[in-house]
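The chain that follows stands alone, in the form predicted on its own, written as structure tokens.
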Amino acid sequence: MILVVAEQREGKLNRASWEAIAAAQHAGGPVKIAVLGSAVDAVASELAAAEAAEVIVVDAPALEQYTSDGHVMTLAALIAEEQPSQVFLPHTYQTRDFAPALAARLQRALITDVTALKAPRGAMVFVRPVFQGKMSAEVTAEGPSPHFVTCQIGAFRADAAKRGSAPASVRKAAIDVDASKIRQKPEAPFKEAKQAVDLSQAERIVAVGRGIKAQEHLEVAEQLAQALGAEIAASRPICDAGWLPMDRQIGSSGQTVAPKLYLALGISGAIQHLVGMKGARTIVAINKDPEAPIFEIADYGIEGDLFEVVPALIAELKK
């Protein structure tokens, strides 16, 4: 059995949780989903739509605000009860905070940032990027179960998670969460920058690269984003130049995204950028260089000047 630990904040489910569920279902075997917090019945009901054996809720006042201590203590107790073979989690900032401590407490293997699963001879093989995404390594977990696996955001599609023909049963676990053992004082969730945007939750993204040429030309990309109801983003050179804030950067040193629609304007497609957006459902690339690597992964490619193509797209969208 695989236990998926879903992530929620203030009663709102992180979409990356569905990606972890999709990965667990792809691995095969029964799947259970756990969610921690206080008054999370609505989140549990949302998760019950998944094809799963059951949804397990750990509801306690001490878990209302996230702490690493609270999660490690609670999940260690839950895992001891459920005895899963593997524990899947989304590779979020929150998971990166507590998962290493949890794996260390239980003395179990932790494989992070997984992008694909293979089972060539029965044993599960996990694929994860190395050297900033330039290469991929195939690794297996050693030692006793459960093994902990974090799934890279965008590597598994949330809409690929199987839904059940009927809602899964929801059960509240009888786990006593001792608030006196939580040493940490909860603080505001981590953000990369002031007023940072979480692009991993965006369904549509318009991203710009060097082809935009100058900061004043960003307006045309912003107009397209507005017409599409999309978020604006960029490759690293744009953010390094200060034309857009760093929280808008996509790539190996920025955010990883998997929107339904990704429009790349003047982006050549360096590997450092591709690893951050290749999970998009539909990729549209506009570039005047026919040899640009971005065209190799694009679903639709437009070879042309973005300053001619984009205004035409905006005009059509406004009709």
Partner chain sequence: MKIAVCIKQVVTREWQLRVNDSKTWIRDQDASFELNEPDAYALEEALRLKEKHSGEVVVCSAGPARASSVLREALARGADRAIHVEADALASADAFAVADALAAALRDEKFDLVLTGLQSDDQGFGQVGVVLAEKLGMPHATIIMEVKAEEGGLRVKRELEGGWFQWMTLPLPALLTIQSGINQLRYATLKGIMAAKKKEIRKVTPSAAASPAQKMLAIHFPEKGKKTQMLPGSPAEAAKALVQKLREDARVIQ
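Superpose the two forms; the largest set of C-alphas matching within 1.5 Å is the rigid core. Numbering follows the first chain given and starts at 1. Fair warning: this is a prediction, and the values are worked out from it, not measured in the lab.
One more form of this protein exists, namely the form predicted together with the partner chain; it is left out here, but the text below deals with it.
Among the residues Ser145, Gln226, Gln184, Gln215, the one placing a heavy atom within 4.5 Å of the partner chain in the model of the complex is Gln184.
Contact annotation: Glu81 falls outside 4.5 Å of the partner chain in the model of the complex, judged by heavy atom distances. The closest heavy atom approach of Ala22 to the partner chain in the model of the complex falls outside 4.5 Å.
The partner chain is not shown here, and in the model of the complex it never comes within 4.5 Å of any heavy atom of Glu231. The closest non-hydrogen atom of Ile297 lies within 4.5 Å of the partner chain in the model of the complex. Partner contact region in the model of the complex: 97-105, out of 215-223, 97-105, 158-166, 171-179, criterion any non-hydrogen atom within 4.5 Å of the partner chain. For a residue to qualify, one of its non-hydrogen atoms must sit within 4.5 Å of the partner chain in the model of the complex; none of His26, Ser85 and Asp247 qualifies. Taking a 4.5 Å heavy atom cutoff to the partner chain in the model of the complex, the contacting residues in 52-75 are Gln65, Tyr66, Ser68. Fitting the two forms on the rigid core leaves the C-alpha of Leu306 displaced by at least 2 angstroms between this form and the one not shown. Put the two forms on the same core and the Cα of Asp159 is off by less than 2 Å between this form and the one not shown. The Cα shift for Gly37 between this form and the one not shown, taken after rigid core superposition, is smaller than 2 angstroms. Note: the CA-CA distance for Pro237 and Arg96 contracts in the model of the complex relative to this form, by 3 angstroms or more.
The pair Ala50 and Lys260 is at least 3 angstroms farther apart at the CA level in the model of the complex than in the present model.
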